[in-house]
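The chain that follows stands alone, in the form predicted alone, written as structure tokens.
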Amino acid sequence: MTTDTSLKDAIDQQTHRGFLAWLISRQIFWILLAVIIAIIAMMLLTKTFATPQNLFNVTRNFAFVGIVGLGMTAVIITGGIDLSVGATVLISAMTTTIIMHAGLPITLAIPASIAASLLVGLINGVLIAIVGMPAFVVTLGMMSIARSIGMVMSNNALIYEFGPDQAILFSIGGGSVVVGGLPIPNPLIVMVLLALITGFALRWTRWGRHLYAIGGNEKAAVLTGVPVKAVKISVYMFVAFCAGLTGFLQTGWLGSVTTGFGTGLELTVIAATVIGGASLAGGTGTALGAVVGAALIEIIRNSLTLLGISTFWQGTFVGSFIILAVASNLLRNKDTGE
């Protein structure tokens, strides 16, 4: 009996040590820890960080990056990249604005903005997967093309009138749902729902397995019968859908649209996914990582503002986290011999 008990205790201890070692080796663990530490530090250093209004702003702002980050994660898992997401946000916003400014209903504006965004993703996907052009070149070119089209659509003018359904638009993008006496921003709700769907798809569906297979070894994926071209097109359309959704929501939040909409968003989104554990080499990434990475970036930006530090330093902090994240990936791959 004593021997059996000792054996069981030894197995339990080994299991706990194994789990602890696995947890510590995960980049998402350290990023979550960084988020928690940053939150605690800001609660101690300032009286305004933990106020309902500031938390509302933080969660709403990082939700926009998180939504696009979910799509970018799928692209990066396949070993690709999309530099046109910021311009796709603009296309979606401009489509919404022009339709509603003309007096047409929001029920037409929503599908039209998403359709316009999906078209951008389809073109990117076809040129990358079918034609065989590099993702960096295609999406960089599309970034310029889509932003130019956005300027043409608005004649480079500020648009702030959205017709008879304006109140509905503002309510969707800038409104909230009260839970337990606290307002939860609508964009955050959308991000959580999309994150759950994306996480399930990546973990439990054939589509998700195909993404990791392509990112791990595309030639081997082809030989095993994975429809690589179709899957690649789908991921660029998925990230475009996420960008289109963000463009619509941001239009309702800001209440106006300019041609500068989404400028620089692609860099922030890529940073969030890499910080969250996605590898630019492909084959690695999670929905949770994209969300946590987006949260950390927004907490950094908000903290700098509350501490009276110039937000110009944000790039330094975010860039440092990216370098550390990539260095961590390299060291982990070196240790495992990959």
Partner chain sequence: MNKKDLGLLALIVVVGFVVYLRNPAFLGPQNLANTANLIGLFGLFAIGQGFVIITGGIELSAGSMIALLGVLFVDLVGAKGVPWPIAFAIVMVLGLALGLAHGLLITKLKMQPFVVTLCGLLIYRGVARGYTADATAGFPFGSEYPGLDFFVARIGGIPVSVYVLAVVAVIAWFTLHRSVFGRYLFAIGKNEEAARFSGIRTDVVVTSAYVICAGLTALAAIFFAMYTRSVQPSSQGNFYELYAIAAAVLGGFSLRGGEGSIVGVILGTILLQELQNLVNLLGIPSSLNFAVMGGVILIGVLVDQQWGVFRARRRIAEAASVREERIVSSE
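Residue numbers count along the first chain shown, from 1. These numbers were taken from a predicted model, which means no experiment stands behind them.
A second form of this protein, the form predicted in complex with its partner chain, is not displayed here; the remarks below concern that form.
Look at 135 to 143, 169 to 177, 110 to 118, 85 to 93: in the predicted bound form, residues with non-hydrogen atoms within 4.5 angstroms of its partner chain sit in 135 to 143. Each of I270, W313 and G319 places at least one heavy atom within 4.5 Å of its partner chain in the predicted bound form. Of the candidates A281, L306, V35, L55, A281 is the one whose heavy atoms come within 4.5 Å of its partner chain in the predicted bound form; the others do not. When its partner chain is considered in the predicted bound form, only one residue from V190, L127, V231, I106 comes within 4.5 Å through any heavy atom, namely L127. Its partner chain is not drawn, but in the predicted bound form it has a heavy atom within 4.5 Å of I81. Looking at A102, you'd find every heavy atom of it more than 4.5 angstroms from its partner chain in the predicted bound form. Its partner chain is not shown here, and in the predicted bound form it never comes within 4.5 Å of any heavy atom of S256. Proximity of V274 to its partner chain in the predicted bound form: non-hydrogen atoms within 4.5 Å are present. Taking its partner chain as it sits in the predicted bound form, the stretch 236 to 265 comes within 4.5 angstroms of it through a non-hydrogen atom at just one residue, T263.
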